[in-house]
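One chain comes next, on its own, written as structure tokens: the form predicted alone.
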Amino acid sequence: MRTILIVARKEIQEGLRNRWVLATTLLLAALALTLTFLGSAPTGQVGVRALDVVIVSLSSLTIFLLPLIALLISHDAIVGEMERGTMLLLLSYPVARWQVVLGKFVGHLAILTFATLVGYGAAAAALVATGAAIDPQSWAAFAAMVGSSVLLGAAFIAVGYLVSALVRERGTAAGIAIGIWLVFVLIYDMALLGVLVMDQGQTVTGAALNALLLLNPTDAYRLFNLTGSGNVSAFAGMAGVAQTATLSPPVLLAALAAWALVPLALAALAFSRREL
């Protein structure tokens, strides 16, 4: 455990030196504050709680931005150090390869968690400073959104590690990472919607649709946050989905956790079999 924490501290220090921590935190905070002040303005007229509006806005922001940030900080975690020659130096110490992968994962996840907590926490604090009335249910939904955002980031960090452990060049890893982001965030849902429209409910059953949704971590995240709370689902236009959905919040969280654990384990396995 001590070895893993040492590797994690090394990644955090590199993140501080390369301005990753500062840049990620400022970016999330700036966008979250912008969405908070712009999105909560009309809530007094339409009768929607201000924090529920923020949750819907930040959930949409998270789906597009957090996977991209996670892939950018993780895609060269292994192949980049191999190209620079620092991986050989690191492995000359009494440290196992799986400890290197896990330590790097903990370090990068700590960076992403810090940026998410500070950035989204600033949005909530700004909303409180305006005097908006916030009930406990909205706070619980906000906390669930922040926690699941960190879990979504962990999933894409793990996917980035798997890419980094399999390719031979940093440029290739970067290209594949961008492709993965495009597929999961943009292309997958459009393709799924097209299939459903053409199918007209003849072949794709409810169980098959649930399985297809769980195959995309961003869909699991979206369903968890936009259908988990009655107030949020009503404002997000997903009240009907919330009533008919057969995927419970624990199942969706388990899917996100699996998306983090399985690619991470595969990355550790691939790295352990790779020649330096």
Partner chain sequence: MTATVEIAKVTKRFGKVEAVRDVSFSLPEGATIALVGHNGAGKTTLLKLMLGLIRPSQGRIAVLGEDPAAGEFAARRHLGYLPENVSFNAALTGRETLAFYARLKREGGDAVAPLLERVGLGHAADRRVGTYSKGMRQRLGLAQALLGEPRILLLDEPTTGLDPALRQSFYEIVEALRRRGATVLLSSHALTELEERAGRVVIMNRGLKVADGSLDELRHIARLPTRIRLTVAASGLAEVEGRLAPLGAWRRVNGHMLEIDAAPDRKIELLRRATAEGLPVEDVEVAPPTLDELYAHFLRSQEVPL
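These figures come from a predicted structure and were not determined experimentally. Residue numbers count along the first chain shown, from 1.
Although it is not shown, the form predicted in complex with its partner chain is what the next lines describe.
Visitor: Please tell me which of 206, 179, 85, 194 lies within 4.5 Å of its partner chain in the predicted bound form, judged by heavy atoms.
Guide: Contact residue from the list: 85.
Visitor: Spell out, yes or no, whether the shortest heavy atom distance between residue 93 and its partner chain in the predicted bound form is within 4.5 Å.
Guide: Yes.
Visitor: Do residue 89 and its partner chain come within 4.5 Å of each other in the predicted bound form, heavy atoms counted?
Guide: Result yes; residue 89 sits at the interface with its partner chain in the predicted bound form.
Visitor: Does at least one non-hydrogen atom of residue 6 fall within 4.5 angstroms of its partner chain in the predicted bound form?
Guide: Yes, residue 6 sits close enough to its partner chain in the predicted bound form that at least one of its heavy atoms falls within 4.5 Å.
Visitor: Please pick out the stretch from 109-117, 96-104, 164-172, 67-75 that is in contact with its partner chain in the predicted bound form, where contact means heavy atoms within 4.5 Å.
Guide: Within 4.5 Å of the partner lies stretch 96-104.
Visitor: For the stretch 251-276, return the residues whose heavy atoms include at least one within 4.5 Å of its partner chain in the predicted bound form, in the order they occur.
Guide: Heavy-atom contacts within 4.5 Å come from 275, 276.
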